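The chain that follows stands alone, in the form predicted on its own, written as structure tokens.
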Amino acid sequence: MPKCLIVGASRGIGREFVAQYLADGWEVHATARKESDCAELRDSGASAYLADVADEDALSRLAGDLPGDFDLIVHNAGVGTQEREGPIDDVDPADWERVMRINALGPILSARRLKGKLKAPGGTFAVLSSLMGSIGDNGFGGYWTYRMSKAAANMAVKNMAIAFLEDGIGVVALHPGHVQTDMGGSGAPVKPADSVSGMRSVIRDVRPGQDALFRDYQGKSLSW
């Protein structure tokens, strides 16, 4: 039975990953920041653990609690900014630090503490990024903090691909699309089920030894 860990599965895309992998017969482990969310995950059939990706000690405890030999780890945890941030004066330093710690440092801390739980060779580490982190695609500006955090996450993915190459672990950055979640809003064009189904197809095609990949949920290669 294949085994996966979904880091950040309280709701939305993370919860959909859990549901789809369970439906396909995987052994699913997942994290959340609230015990009530963990209880819901356990009720769904997953093994659930309390963890905050901004807390490296919590990730170390998680690593100690998890069984080894995972086929896949999906780092889904992330946050948005409090404001749209159009003009540069909208950037709030405290909020910038909060978002950067979770969105940019979080994947590094997860990879550092959890990589040893992946099959080596053969495991895959996937990071939920965003097209808004693409420098090449940025044609209208704004959203300073969120864009910077996802661009930094993309660089982390590139570094991971190089660092994990000798262990035979594949790495990919995923753009889920504009999804109907708390962050994306109810009017977003992409349903969580469609986004996750597409990203799972992309993940299946990741091969150890590849250069770092940046793909959208439909499999399109994106500009870094």
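Numbers follow the displayed sequence, beginning with 1. Bear in mind the structure is a predicted one, so any value in this text is a computation, not a measurement.
Here the subject shifts to the form predicted in complex with a small molecule, a form of this protein not shown in this document.
- Taking the partner from the other structure, the small molecule in the model of the complex has no heavy atom within 4.5 Å of any heavy atom of residue 110.
- Using a 4.5 angstroms threshold between heavy atoms, residue 183 counts as touching the small molecule in the model of the complex.
- Though the partner is left out of this view, residue 42 does not reach within 4.5 Å of the small molecule in the model of the complex, counting heavy atoms only.
- Using a 4.5 angstroms limit between non-hydrogen atoms, residue 144 is distant from the small molecule in the model of the complex.
- Among the residues 114, 72, 128, 99, the one placing a heavy atom within 4.5 Å of the small molecule in the model of the complex is 128.
- Stretch 174-182 is the answer when you ask which of 22-30, 151-159, 60-68, 174-182 has residues with heavy atoms within 4.5 Å of the small molecule in the model of the complex.
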